[in-house]
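We begin with a single chain expressed as structure tokens, specifically the form predicted alone.
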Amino acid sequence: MKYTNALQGKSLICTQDWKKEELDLVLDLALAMKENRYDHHLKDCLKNRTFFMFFYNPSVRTRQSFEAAATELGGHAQFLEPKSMRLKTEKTAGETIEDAAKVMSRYAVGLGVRILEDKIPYYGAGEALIREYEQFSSIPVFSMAHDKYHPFQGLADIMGLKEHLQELKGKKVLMVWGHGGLARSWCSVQEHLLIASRFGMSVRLAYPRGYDLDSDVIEKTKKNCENNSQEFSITHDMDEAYKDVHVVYSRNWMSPEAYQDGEFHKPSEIEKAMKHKEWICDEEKMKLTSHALFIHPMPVDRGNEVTDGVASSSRSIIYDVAENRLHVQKAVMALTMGKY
């Protein structure tokens, strides 16, 4: 496989920002790297290069997979936290994003930022922060998950589905809300709606009334489906939602009322969500599907979003998708900041 410099220096904040053929290139390279993990010819493309990981929120898979990815490409991933840096905020004096971005661009070849719901005052603030880092950086800026999108999770989802289903065009994916005590952001859910529809899947969205997602994302998903001659639908009927789908993605997400007066109201969101205990992906609902695969970005809220029986079944590919985070991240890093 031959590569060009077309993606060198390109940021990834949402997969919708990239051309379909660019996403295909990433997935092809990720699969090649998975098949030849430690001996791929790009294994030293980040030799002596540093990737900064800026975590406003903690993680398990994200930090592990990015550090492993940098190491397996011959480079180094450096962990950063805002509490250990003198950064300007609405309440404190310090260095501006412009200054920080320009300085970090002199030290590293790429910057990843992770900022989720409880570290921002309103929906969209995380997106704005990452876009500002991108504006002032001369190196690629990646979203490692923010309030709107989670591009690497979306790529890992599609890679896993392609491995198990081969052809995605015309397959039906159900994105279904799950009850639970985590009040999760919209990032993984919205990213999956966008990328699944880009790859020709029919999309069905199901949730209790009052849990609408970003209207702009919904419109883009509809348009993607139209461009691929596929269907997009929204339902509040669980039994109807599961019928004849090929993929089930059950995930809790917060309501549009989660932010009030510049604060994220997690306790009230959890209290509200726990009233919908019937919204759980279980074995009986999966029987309504077309022998569907089960996917989830993890961590799984077992017993709330999904039963153990479904999450641990032979049709669950949650661990394959989790592994694929490593491979798609390696591919994007190699293509955007590697030397080859």
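Start at 1 with the first residue shown and count on from there. Values in this document were obtained by computation on a predicted structure and should not be read as measured data.
If you look for the form predicted together with ligand CP, you will not find it shown, but the lines that follow are about it.
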| item | value |
| --- | --- |
| Position in contact with ligand CP when the complex is considered in the predicted complex, options Lys148, Arg198, Arg114, His192, heavy atoms within 4.5 Å | Arg114 |
| Among the candidates Met274, Met298, Ala32, Ala68, the residue which, in the predicted complex, approaches ligand CP to within 4.5 Å (heavy atoms) | Met298 |
| Heavy atom of Ser143 within 4.5 Å of ligand CP in the predicted complex | no |
| Residue contact check: Gln153 to ligand CP in the predicted complex, 4.5 Å heavy atom | yes |
| Proximity of Thr62 to ligand CP in the predicted complex, heavy atoms at 4.5 Å | yes |
| is_contact(Arg325, ligand CP) in the predicted complex, heavy atom dist at most 4.5 Å | yes |
| Location of ligand CP contact in the predicted complex, chosen stretch of 298 to 306, 23 to 31, 280 to 288, 42 to 50 [non-hydrogen atom, 4.5 Å] | 298 to 306 |
